[in-house]
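Okay, here we've got a single chain as structure tokens, the form predicted on its own, with questions on binding and movement later.
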Amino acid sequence: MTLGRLALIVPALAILGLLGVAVASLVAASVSGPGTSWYASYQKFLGDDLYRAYIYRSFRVAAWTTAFAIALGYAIAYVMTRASPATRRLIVIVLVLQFFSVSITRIYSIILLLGNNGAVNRALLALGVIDAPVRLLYNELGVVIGLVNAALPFAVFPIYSILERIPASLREAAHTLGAQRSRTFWQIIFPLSLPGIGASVVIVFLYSLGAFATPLLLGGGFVDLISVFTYEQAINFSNYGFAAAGAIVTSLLGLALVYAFSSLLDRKAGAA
């Protein structure tokens, strides 16, 4: 094994080892909490509607975030493939700066924009569209908007990486044969871009499912997701076993959903 390969493998193994230790510690905490049996924390979490609601709400918010982020991200990625190099570089710079910006700063900018006295409500009031401020924050809508804003680079770049590799000759051949632009897109471009869409869906969904700062601040205590529940149980109540059980149940459900989605994409790709 060359030195270069070793330099790449060792950090990867170290990260995987750290992840394995973290997951093992989480599992150990979930089965060693107070109770008469090892599954007491799981039984308590899954047996109460109040706690199960955290899972439903988390998956619902993650699903809406994924849908909006992919729709917007696909549009941006498609524009990037058709834009001039200067415009494409500008879009990339904006997305990269947005990605590396401090999350708290980004969240508070959304609060200033969407709050009752924010720019959006002031503009709508000035135009006479509404008579009173619309509640855009401290609900699921506000959390989804914040998560879409944060997850947008994860949606754009995987799709763009696939779209830019689709030969322009395919589009030109379709147009030569008389196919309209819409038919060319839906029958050629879109099916070929499904791998990028699949990667974006997985990344955005898992990112949204585990987000913490955005639902905490934009939810205002009214939209508690599983990450907030885990934090409160572990930090505020020192109930580490119960917090670990909730995190593991959500993680397993999320991974199962991602696996089912990936298998569906593989079957569609195989059928094509």
Partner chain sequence: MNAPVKANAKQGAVQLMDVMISYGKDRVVHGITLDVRPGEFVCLLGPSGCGKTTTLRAIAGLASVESGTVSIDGKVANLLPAHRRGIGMVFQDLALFPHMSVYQNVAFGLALRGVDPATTRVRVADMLRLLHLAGFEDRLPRQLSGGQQQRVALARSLVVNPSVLLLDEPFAALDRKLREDMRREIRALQQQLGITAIFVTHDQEEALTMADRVVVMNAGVIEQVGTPSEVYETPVNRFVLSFVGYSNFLRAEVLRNAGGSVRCEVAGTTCTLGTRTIGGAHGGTVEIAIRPERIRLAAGRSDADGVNRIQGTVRGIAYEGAILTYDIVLADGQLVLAREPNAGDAGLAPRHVGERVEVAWSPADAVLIR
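Positions refer to the first chain, counted from 1. Since we're looking at a predicted model, the values are computed, not measured.
Not pictured, yet referred to below: the form predicted in complex with its partner chain.
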Exercise. Pick from 103-111, 67-75, 190-198, 119-127: which stretch has a heavy atom within 4.5 Å of its partner chain in the predicted bound form?
Worked result: 190-198
For this session: With its partner chain left out of view, choose which of A83, L141, V96, A179 has a non-hydrogen atom within 4.5 angstroms of it in the predicted bound form.
Result: A179
Exercise. Taking 4.5 angstroms as the cut-off for heavy atoms, does V92 touch its partner chain in the predicted bound form?
Worked result: no
Problem set entry | Close approach of E172 to its partner chain in the predicted bound form, 4.5 Å, heavy atom | yes
For this session: Give a yes or no for R183: in the predicted bound form, does one of its heavy atoms lie within 4.5 Å of a heavy atom belonging to its partner chain?
Result: yes
